[in-house]
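One chain comes next, on its own, written out as structure tokens in the form predicted on its own.
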């Protein structure tokens, strides 16, 4: 008997053979990145690991739907190995059980034939047991592949999604609050490597806010090893806000701030070879995220796709994911926040108005700090 770990994936299986092989190799490379020295073997739909496997790390690797610790035996060994395996895994404490069969390859028997045969074998070894296929106390999984057999009694849920990196790279505007890290994580789950960027608005943010964003990104490193926050200092908002105040247009501060952030992120994305930008905006959540203002935010501010995975989420849905992925405690840790927010921000800015104001602002001519 040999102890191994069985790794399962789903969406990869549906791809054409060339894409499937490429994505399988990416998933394997991502596994080896966090568990060096582990030996990997794969077949269609399955990956097996030998060595110093860390189950907690498997839970953070995108593309893994579920995994199980298995015992690997030969088919002709099962009559003696199966009762021994069940005994060591506590079947004597159960009152009911079920055999879950999976078979791959050509055999002279069916999966149902073997399920009945092995169920009968276990009842002879453990006479107190009764079969309950609906809600058994104990499930025994038997996977037969050619003349190889894998035994396991539990299936551990993985994070799912696509292997990190198969869809390219995105720049994520990360504030350190609850929403933006969740948005970045959701695009990671769809196969995108993330370059997190924090646009530091001179005189309106202090080190506590930047430090919080850095801690949040450190948490995301569980899912994307090596990820680092890039902090870009920009004096634009101080100059723009001064002009807006003098023109009695302070209510547009957040609009101009966000448009500047989009421009900075776009320049950074072009320089980094990224394919787009991801933000944590959710429709109607704050003044700058109304339907009217979202139209104004991106027009002429970016020539790249803007991905908003949280656009239809309510706050509780976002908080639930933040708790699950571990970013929530850092996102709610004390930080000063932005001091530039006006008392009465505009919620229905007009694109023509914003364009006219931008043309008159000297701050708009400031070069991008990228």
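Positions refer to the first chain, counted from 1. Source: prediction; values computed, not measured.
Although it is not shown, the form predicted in complex with a small molecule is what the next lines describe.
This chain is displayed without the small molecule, yet in the predicted complex the stretch 196-204 from 82-90, 152-160, 135-143, 196-204 comes within 4.5 Å of it by heavy atoms. A heavy atom within 4.5 Å of the small molecule in the predicted complex is found for one listed residue only; from 119, 276, 165, 177, this is 177.
Between the options 224, 288, 253, 266, the residue in contact with the small molecule in the predicted complex by a heavy atom within 4.5 angstroms is 288. Remark: residue 244 does not count among the residues lining the small molecule in the predicted complex, judged by a heavy atom distance of 4.5 Å or less.
Taking the partner from the other structure, the small molecule in the predicted complex has no heavy atom within 4.5 Å of any heavy atom of residue 259. Contact check for residue 217: no non-hydrogen atom falls within 4.5 Å of the small molecule in the predicted complex. When contacts are judged by a 4.5 Å heavy atom cut-off, residue 173 counts as touching the small molecule in the predicted complex.
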